[in-house]
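The chain below stands alone and is given in structure tokens; this is the form predicted alone.
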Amino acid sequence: MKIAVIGAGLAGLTAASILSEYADVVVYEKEVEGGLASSWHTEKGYWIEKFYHHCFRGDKELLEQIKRYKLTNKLVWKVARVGFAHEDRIYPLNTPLEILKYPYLSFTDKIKLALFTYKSRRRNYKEFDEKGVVEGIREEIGESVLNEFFMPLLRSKFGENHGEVSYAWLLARVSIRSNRKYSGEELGYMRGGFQQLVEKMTEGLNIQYERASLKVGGGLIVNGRDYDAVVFTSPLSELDGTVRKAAGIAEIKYQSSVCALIGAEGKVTEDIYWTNIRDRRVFGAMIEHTNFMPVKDYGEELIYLASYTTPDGWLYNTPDEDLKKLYLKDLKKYGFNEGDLNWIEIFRAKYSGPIFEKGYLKKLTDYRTLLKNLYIAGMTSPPNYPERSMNGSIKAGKEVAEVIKKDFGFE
């Protein structure tokens, strides 16, 4: 039996690894393995993810995968400090005292925000799928909390698409990320980078580094070869429209990511890992990687500047050299000394994730499709809601493999 897996991200690699025990599996990948978890090899000789990554204690499938490949000893767990940038100043927002001292929300608004977080853990978020997030926040918590706290976060996460997002997404997101310690949230990272896991997951797989063209006509044909089953794990926008329609797959709107990665001799903050940007800047979040992991692992400070846009947006289509100037110009407003810069690289993902728009829960893709033996797994699978993640992608890969095993009577 022959199975094609299109896309060598974590979902595709997971599915291929499981299914290769029962069938002849070929993985098609147009760029590099790892997908959004892929890494860049620096001139200093270390690997670092192109887009910031970390994991959580509850990431069961990811942690099992790390254990399977005997990489658990590489994991480091720390409480990550976060901040909020307002008028070129960065305020830490971790402990109750720091939150109380934040000057741009009234005490009453802080109480409203705390109650909202508490209530979100116990609500059925699915009931709010057709309600807009801006409308929901305004009605429930008020205009000032919306404008001073949530709007910057929504713009940071969804760029110009933030007005389309469902209130259900926010409620679900707050619910899964509200289990914090007194001093902040505990996160994990693998010393040496997640590239080690990606390399282990590719071992023994037949990966063809070429763009895959899926055609349907008397069977499933990928790049001229007939397959008994096809697992499509790439963004659905890359699937032929005729095939997508025949498979009964809903139209999904995607956003794009642009990320600047900086190597430097200096840093911006002393100990804040993640800073959300309240000010209007070209980036919506700053992630100081070496405020989490030891700088000695790299020999320099590492800073991510993250932006979200659309495939046809000006930011996604601006040349690298122009973007570098824009990112550095805004970064200097928070005290970064450009003389400390070692290098800056720009990374883009055309389809970095779905926009969790109103009604999105009805668009989550089943693993089976209307086209016999065509399966879908990836960013639009249920495990990647309300947040796409390494864990969600690995879980989707495992689940689609189990569906295929059942359908073809394996074991």
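One-based numbering along the sequence shown. Note that the structure is a prediction, hence the values are computed from the model and not measured.
The following text describes the form predicted together with a small molecule, which does not appear among the structures shown.
Looking at the small molecule in the predicted bound form, residues Gly9, Leu36 and Arg211 each place a heavy atom within 4.5 Å of it.
Though the partner is left out of this view, Thr42 does not reach within 4.5 Å of the small molecule in the predicted bound form, counting heavy atoms only.
Within 4.5 Å of any heavy atom of the small molecule in the predicted bound form lies no heavy atom of Lys358. In the predicted bound form, the small molecule sits within 4.5 Å of a heavy atom belonging to Pro235. Thr369 falls outside the set of residues with a heavy atom inside 4.5 Å of the small molecule in the predicted bound form. Heavy atoms within 4.5 Å of the small molecule in the predicted bound form are found in one stretch of 358-366, 66-74, 338-346, 25-33, which is 25-33. Residue-level contacts in the predicted bound form: of Ser257, Asn291, Ser156, Asn94, one residue has a heavy atom within 4.5 Å of the small molecule, and it is Ser257.
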